[in-house]
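The chain below stands alone and is given as C-alpha cells, in the form predicted on its own.
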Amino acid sequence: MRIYQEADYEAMSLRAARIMAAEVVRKPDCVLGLATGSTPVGAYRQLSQWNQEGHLSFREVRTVNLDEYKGLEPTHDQSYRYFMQVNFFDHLDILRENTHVPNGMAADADAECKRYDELIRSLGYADLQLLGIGHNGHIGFNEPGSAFVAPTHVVDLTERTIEANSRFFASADDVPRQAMTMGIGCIMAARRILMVVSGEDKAQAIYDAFCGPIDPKCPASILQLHPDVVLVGDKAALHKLVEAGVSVCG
C-alpha cells in the first residue's frame, strides 16, 4: 500500500488525477471503476481539462460506476448517472455506450444487480477502481454489517449515510432509502484501487480502515487484503495515520 499526503484538497485532486491519467495512457482501453460524491470532483475536473487540451483521450476507455440510488430516474438531478454526466462524462470524448451505471429504475432490482455483475466480469473487472470512504467506513454503498457482501446488491442505507447525503436533497426525507451497489467482490477484483479522501471528518474512518481490524463493521477495512492500494489524502484526513506512525509520501 502506498499513501500520499497532500497539503489540501486541490493538491490531493491533482495527485489522484495524475494516477488516473497514467492508467489511461498505459492502457487506452482500460476499465475505470468510478465513484461519486464531492471528493472525486476535483480529479474529474482536472482529467476533463487535460482531455480538452488534447493531452489524453478517453475514446476507448470503459467505465463502471460503484452505485446508484434505487428509484431515481437517470435524469434526476440527484441520480448518480446524472452526477457522472454533469461532472465528468459530458466534458470528455468518452463514448456514452462505454459508460456504465446501475439502472436504479429496473423493475427487478435483483436481476439488475446480477446483470451488472456479469457486465463487470465481461469487461475483466476494473484496471483502476476509484473509491471514496463514508464516515462509517462504507465503500460504495457497502454499509457496516455482520458480513462482507461479495456481489452487487440492493442495500438499505443507514441513517448516518442518509443524513450525510441529505445535503444534496431538499431534506433528509427526500433521500432514497435504498441503493444498488457494487459488492466487495467486484471492488476487490480490481487490479489497483485508488482511494481519495479529504477533511478532518474522514480521519477516524481512514484510521479504522487501515489501522483497525478487518471487520465488516468497517467495510473499507477489507482493502487491507488487496495487493495494490493507493491512498491519496490531504493532511486533515490522514493526520491520525501519521500520528500512529504510518509511513506516508508527500
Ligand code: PGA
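All of these numbers come straight from a predicted model, not from anything done at the bench. For every residue, the number given is its place in the sequence shown, counted from 1.
As for the form predicted together with the named molecule, it is not shown, yet the points below apply to it.
> Within 4.5 Å of the named molecule in the predicted bound form: all of 37, 40 and 202, by heavy atom?
Verified in the predicted bound form; spot residues all in contact, yes.
> Just to confirm, residue 134 within 4.5 Å of the named molecule in the predicted bound form by heavy atoms?
Judged by the heavy-atom cut-off of 4.5 Å, residue 134 is in contact with the named molecule in the predicted bound form.
> Flag residue 81 as yes or no: does it have a non-hydrogen atom within 4.5 angstroms of any non-hydrogen atom of the named molecule in the predicted bound form?
Residue 81 lies outside the contact set for the named molecule.
> I'd like to know if residue 167 sits close to the named molecule in the predicted bound form, meaning any non-hydrogen atom pair within 4.5 angstroms.
Yes, contact at 4.5 Å.
> Report the stretch among 95-103, 134-142, 169-177, 150-158 that approaches the named molecule in the predicted bound form to within 4.5 Å, counting heavy atoms only.
In the other structure, the partner sits against 134-142.
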